[in-house]
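Next up: the same protein chain in two forms, each one alone, written as structure tokens (structure 1, then structure 2).
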Structure 1
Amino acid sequence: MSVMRALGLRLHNQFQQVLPQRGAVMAMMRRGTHHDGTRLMSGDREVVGYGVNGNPIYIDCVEFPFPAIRYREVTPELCAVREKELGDWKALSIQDKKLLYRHSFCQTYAEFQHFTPDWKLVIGVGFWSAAIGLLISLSYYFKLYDPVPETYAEDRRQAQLRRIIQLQMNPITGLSSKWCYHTNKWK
């Protein structure tokens, strides 16, 4: 019993030594994050709002245009531009303004609302599936199935139809109801 515990403890310690990063990450995940790890994935990007559901997640969508975190992490070049941003915005160049926008956001409205080429893949896969299915059915018909029984010959089917009419099968709404018994013809 104690041997098992000692073994377990040794393994745990080895795990912590060999993968200290992993161990630390897992310890952090257990502490007060409800085991979801989104705060770790967002790294040290600045949390600026509530976003979609309160988690520090970045997403570009029309329904929630202002995500919870900025898109990029802070770098020294950015700090210089942000100092300029504290002053008059007319002093910022267009390049600076674009840099600041791309720091906070991944895609512009025009970019994430643009159509994608996904439809080509969908149409292509659809047509290919239909073609392959058709080929398989045809090969089954010509190669796999036994020939059709003799009772399917045309004269034999005519005889069967004559028998149905003579027995008056389905005389009210079915096949015999369409036959006029006085003139021996179809109605």
Structure 2
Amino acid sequence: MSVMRALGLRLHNQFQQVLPQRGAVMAMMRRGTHHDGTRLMSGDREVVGYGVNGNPIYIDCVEFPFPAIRYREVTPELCAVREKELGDWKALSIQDKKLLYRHSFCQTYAEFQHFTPDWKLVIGVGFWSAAIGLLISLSYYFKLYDPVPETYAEDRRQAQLRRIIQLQMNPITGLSSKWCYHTNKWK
């Protein structure tokens, strides 16, 4: 019994030594794989905010006006303008201000809220779909369906109605209940 107990204590001690190392490896694996694809796609762009659901992606959107990463990667030309930015902003030219803005954002509010003519495409596709559906239904009507049976003719339908009334079919709630047999007229 003491041998089993000693073996159990030894395994317990080894497990206690391995556990912190294993936890650190698991934490590194989780940290490395979380959003790994979007981090690879973003490249060396600077992370500057939380963004949409905490993902490091760039998107021009009214609901999330400040994207998580900058639009462009840092270039030597931009580094020079950033050095000038730390000083007086009046010393910056309009081109430098535009360069700084375009480094962070792809479009201005006016640009990404601009009315686009996509609605015309949607309406056009809708009309084409309706026209194709109408052509298919007309072709079914003329080519696929048989001609109307002769029992649909008006004189045949009148004869069938007279026969229903003569046989007094469904006299409580049906057609025969609406016929007056004394005057031979509808009630």
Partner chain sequence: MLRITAGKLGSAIRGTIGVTSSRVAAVRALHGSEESAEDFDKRYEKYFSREGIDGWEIRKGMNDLLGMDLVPSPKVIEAGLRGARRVNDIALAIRWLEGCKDKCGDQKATLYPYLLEKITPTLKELGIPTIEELGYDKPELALKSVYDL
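By rigid core we mean the largest C-alpha set that fits within 1.5 Å across both forms. Note that the structure is predicted; figures quoted are calculated from it, not measured. Along the sequence of structure 1, residues get numbers from 1 upward.
Participant: Do you reckon the form predicted in complex with the partner chain is 1 or 2?
Facilitator: Answer to the question: structure 1 is the form predicted in complex with the partner chain, whereas structure 2 comes from elsewhere.
Participant: Quick check: between structure 1 and structure 2, is the chain's rigid part containing Val125 also the one containing Asn170?
Facilitator: No, the two C-alpha atoms fit different parts' superpositions better.
Participant: By what angle, rounded to whole degrees, does the smaller rigid part rotate against the larger between structure 1 and structure 2?
Facilitator: So the smaller rigid part is rotated by 17 degrees.
Participant: Cα of Ser177: shift between structure 1 and structure 2 in Å, core-fitted?
Facilitator: Superposing on the rigid core gives a C-alpha shift of 8.2 Å for Ser177.
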